[in-house]
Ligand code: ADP
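A single chain, nothing else alongside it, follows as structure tokens in the form predicted on its own.
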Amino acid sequence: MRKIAVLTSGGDAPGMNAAVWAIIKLAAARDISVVGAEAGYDGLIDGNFQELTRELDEGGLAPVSGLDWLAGTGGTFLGSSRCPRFMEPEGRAEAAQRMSHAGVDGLIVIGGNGSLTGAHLLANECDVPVVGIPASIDNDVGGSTDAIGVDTALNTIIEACDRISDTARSHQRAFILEVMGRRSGYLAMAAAVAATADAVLLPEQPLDTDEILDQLESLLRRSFATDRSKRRVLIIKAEGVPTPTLLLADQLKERVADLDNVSVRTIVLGHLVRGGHPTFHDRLIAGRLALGALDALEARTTDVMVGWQSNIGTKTQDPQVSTVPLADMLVETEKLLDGTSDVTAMRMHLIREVQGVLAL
């Protein structure tokens, strides 16, 4: 293998750049040149490749100059985009042709389940090995306990919860804090436990608006009862819960209007959760997954993802990293999201065990 391409696709996640940097350095050490496709699959279709390695005068390869800042930064310097063209066979055929013309011998796709779906389709339609690396703050990629970006996102959420709690205690307030996650409630669930929230609303525990309001009203009345001396209530809501956050807050205010000096506020963290310097853990798994992906390409393995502490797949030389067929990843992802996965069942069991504790 002489030349590989790498791209980042879908929503950005802290640690994507760390994975790209690891791929560049590891490949250069093996005399494999690396190009980056700009703006995800759009760049692959249009043939917009950026050279990421350079030849040394004394022989061998090294990263191009000026990229040593990559590992510590969030976002993705290669750019990312949603690419409807790539979901059509004609778009994938054009991408395969562009790779062939550029002399690309293998492709690494860094992204979430949508991006890895694209990798699966391309792998089955071209002669170039394709390997995926899971990167999504939503942690909704089946076959990988963690995806790149999750740990950083959770640290950002926890810091926000701590800051909100400071002001909430000062004024005896209840805050409903919404976090990202799409159809997955993992971020909300993990943050609720770590930030000692009083309640958590998850798409995996579907409730209608009245049921949610009944539970939250009861929570506020218990929490702010005169014998409790409680001054802060923190409710974390996953964005996948269909009832709008502002609607919940407005109706909850009406229900507890009789409580003296108690107010209900909202905050939606939104895209703030995606940004920031990647944590140690995200940099660590980015590097180790990059090594697994490069090893897979060199072995001419295709249509796989490298997963972290996976419950499926085949172990690599790194006991924490497995190669998982992308077809199996897609099946496990859907089970993860529809609640039929053993992983989801375990998470829901644990959150049910502590829900009564959270409100104390």
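Numbering starts at 1 and follows the sequence shown. Please read all numbers here as calculations on a predicted model, not as lab measurements.
Heads up, the form predicted together with this ligand isn't pictured, but that's what we're talking about next.
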Is every one of 83, 117 and 121 in contact with this ligand in the predicted bound form, taking contact as a heavy atom within 4.5 Å?
yes
With the cut-off set at 4.5 Å between non-hydrogen atoms, does residue 112 touch this ligand in the predicted bound form?
yes
Partner proximity in the predicted bound form: residue 87 to this ligand, non-hydrogen atom cutoff 4.5 Å
yes
Taking this ligand as it sits in the predicted bound form, is residue 41 in contact with it (heavy atom to heavy atom, 4.5 Å or less)?
yes
Looking at the partner-bound form in the predicted bound form, is residue 283 within 4.5 Å of this ligand by any heavy atom?
no
Stretch 3 to 38: residues contacting this ligand in the predicted bound form, 4.5 Å heavy atom cut-off
9, 10, 11
